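Only one chain is given next, in structure tokens, and it is the form predicted on its own.
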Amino acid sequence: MQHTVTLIPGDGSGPEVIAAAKKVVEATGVNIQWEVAHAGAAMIEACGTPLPEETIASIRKNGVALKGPVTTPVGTGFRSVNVAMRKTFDLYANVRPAITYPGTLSRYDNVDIVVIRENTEDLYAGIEHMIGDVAAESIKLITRKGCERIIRYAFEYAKREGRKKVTAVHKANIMKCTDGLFLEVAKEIAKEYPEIQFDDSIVDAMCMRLVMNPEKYDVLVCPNLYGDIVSDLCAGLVGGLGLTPSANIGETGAIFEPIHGSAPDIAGQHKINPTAAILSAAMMLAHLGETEAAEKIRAAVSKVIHTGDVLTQDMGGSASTEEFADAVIAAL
């Protein structure tokens, strides 16, 4: 079966990691036709926007995209391309696995956590304004619909993947309306899944517990802002952002991407770790029904890291981006 996938290299070091991931996917033998499209800072001069209409049309047509990281200015300039894509295609579920691979520079063993992050509302809805020149106000929007679909997605994910526990992360002790609604809905939906253990945790306590005993947690479901923070914390538990993939899932589309930034300071130096992009591509293959190929990629990545002969700089080695990808292909 042939799959058509939109391929977005991104900018900075994005093209390097996406080229590596593409090469690994092709080595599995899965029949994929790549439709290259572009997004990011480089598109502003060419198209007047970081997210051209041609790219949006390609994703809408194909329903699946593999995307590299793109540069977003801090504090000024255009808003995040990632946020724009999530809103455009209503990609409400951000799935971020954090798994310990023996051989990485992690202090922890046996971490296997999946953060399910709501992707479209909360403070990331961007409803904010200035109050004269003396203050700035941002509105935290939480809807029942948004809570219901992300929490149900988390329980369905746990059920499908054989997970045992779902933890709802919130700050309902302070934000009693917004986070209170999130927690209320979580408790309601948990009753529909008696076979899955459910608990909840205040977000600050959750961060402490993850650092102290990460092996006690399985699936974490979070509103948008907390999910962003907690998923980066979980990435730190397993060795860093270079090892953590992600999926952005909606009813009619899915975009897969590493969660790290574009690292423009090392662009073109061929030393960025492509593991997150390769594992994002594996998540994409699983989404397309190519589960055997996806598992082979994950096993090959694990083998290469565990063996330790071909590692990138962030993992304590000296291999290039391309050398690591080639080692994964050899391990397939």
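All residue numbers are counted from 1 along the displayed sequence. Note that the structure is a prediction, hence the values are computed from the model and not measured.
Unshown form predicted in complex with a small molecule; subsequent notes refer to it.
Asker: Where does the small molecule sit in the predicted complex: which of 260 to 268, 293 to 301, 53 to 61, 31 to 39, heavy atoms within 4.5 Å?
Answerer: After filtering at 4.5 Å, what remains is 260 to 268.
Asker: Residue-level question: is N273 within 4.5 Å of the small molecule in the predicted complex, judged on heavy atoms?
Answerer: The answer is yes: N273 has a heavy atom within 4.5 Å of the small molecule.
Asker: Does at least one non-hydrogen atom of T88 fall within 4.5 angstroms of the small molecule in the predicted complex?
Answerer: No, T88 sits far enough from the small molecule in the predicted complex that none of its heavy atoms falls within 4.5 Å.
Asker: Would I142 count as touching the small molecule in the predicted complex under a 4.5 Å heavy atom rule?
Answerer: It does not: once the small molecule is placed as it appears in the predicted complex, I142 has no heavy atom within 4.5 Å of it.
Asker: Is the gap between I278 and the small molecule in the predicted complex 4.5 Å or less for some heavy atom pair?
Answerer: I278: no, not in contact with the small molecule in the predicted complex.
Asker: From the list I189, L183, L241, L210, which entry has a heavy atom within 4.5 Å of the small molecule in the predicted complex?
Answerer: Checking each option against the small molecule in the predicted complex, the one that comes within 4.5 Å is L241.
Asker: Which residue, Q197, S106, S201, T71, is the contact with the small molecule in the predicted complex, using a 4.5 Å heavy atom cutoff?
Answerer: Of Q197, S106, S201, T71, the residue with a heavy atom within 4.5 Å of the small molecule in the predicted complex is T71.
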